[in-house]
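Form predicted alone, single chain, as structure tokens, below.
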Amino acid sequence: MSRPELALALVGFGHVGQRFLRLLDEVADRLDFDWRLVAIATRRHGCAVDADGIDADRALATMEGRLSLERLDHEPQQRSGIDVVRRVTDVLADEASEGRLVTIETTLLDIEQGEPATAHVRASLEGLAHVVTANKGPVAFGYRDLESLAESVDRFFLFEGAVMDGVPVFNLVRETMPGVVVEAFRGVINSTCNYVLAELERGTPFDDAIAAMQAQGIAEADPSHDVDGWDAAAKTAALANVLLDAVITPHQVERTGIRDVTAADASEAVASGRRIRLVASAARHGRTIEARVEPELLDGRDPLANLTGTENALYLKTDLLGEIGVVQRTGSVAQTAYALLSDVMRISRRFREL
């Protein structure tokens, strides 16, 4: 059969969204679908909608020049992300009904309620668009309802980039482990905190380690979500909701960050053959789920203790396969962009299966 053409609407167009758009061009010969960019929504640089297609190179150049994207819109006007989603699903109703409209949601995490990302996902699904997101919020705050909505309209709600960048975690379980029950997990899943703790062992000042992560685009200008454990708590809630069938939010995860860990603490731990790492964990106990994020003093033989730099790892305790570990040696914006691409390619495979 002929290659499907997917209409892509980008809600959020920061580092990840821009890298995703470039990646589509870089791996064009590996794609099993054609695509056109029909919308971009940003908080600071305006929005653009064009059912016939927005020039991707012009869009990237516009962002690099810190100009408004409204210059790319035939009917420019002030719009929010939700306005763009509703307009696109209305204007491209035919593509949506055929399963060829995809919303790519990469807005920033809101740790209070997961909004407006959750609303973006819901409106997209209600408009019959598939959704791919790297935002932890919708999975951490509304996974069960959104997954139920996606199933009811026969659309995908995919989020591989929400945890551990492009390393398959959710797809590993959902696609390759049928019949296996995940009973618990533990891991190091925040790159900034792991880097800071490893640098403290070397005597690097806390603020200098944070600055290095900010320079690489891994930590935000305000790193409080990382160092106070909120990012890890959101990922823990997302993992628990999907893998353990929990219904929790980040606010139900017991949370302690690394702000009070000192270089002396880290050095003392190393001297005793141990290491401090920010560990995220969750386990099922009967009908309840216990989830926590906290700095732990780990034995040097613990695989989590040996993670340095921006390395992450997640270990799953299962009923049939025992313990399974996934290790990410490096993390970057490019890998998160790949997670988006892999989810879009999963959507495109549906057309070959029809």
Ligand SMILES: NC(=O)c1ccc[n+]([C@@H]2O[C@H](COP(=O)([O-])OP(=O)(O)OC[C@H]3O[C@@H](n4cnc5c(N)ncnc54)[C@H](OP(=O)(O)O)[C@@H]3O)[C@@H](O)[C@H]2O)c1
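Everything quoted here is computed from the prediction, not taken from an experiment. Don't overthink the numbering: it's just position in the shown sequence, from 1.
Only in words, not in the display: the form predicted together with the named molecule, which the text now covers.
Among the residues 93, 180, 153, 108, the one placing a heavy atom within 4.5 Å of the named molecule in the predicted complex is 108.
In summary, among the residues 250, 229, 161, 114, the only one with a non-hydrogen atom within 4.5 Å of the named molecule in the predicted complex is 161. Partner contact region in the predicted complex: 116-124, out of 168-176, 198-206, 145-153, 116-124, criterion any non-hydrogen atom within 4.5 Å of the named molecule. Looking at residue 136, you'd find a heavy atom of it within 4.5 angstroms of the named molecule in the predicted complex. In the predicted complex, no heavy atom of residue 22 sits within 4.5 Å of the named molecule. For residue 292, no non-hydrogen atom is located within 4.5 Å of the named molecule in the predicted complex, even though that partner is not displayed. The named molecule in the predicted complex is not approached by residue 310, whose heavy atoms all lie more than 4.5 angstroms from it.
Residues of 30-47 placing a heavy atom within 4.5 Å of the named molecule in the predicted complex, in sequence order: 41, 42, 43, 44, 45.
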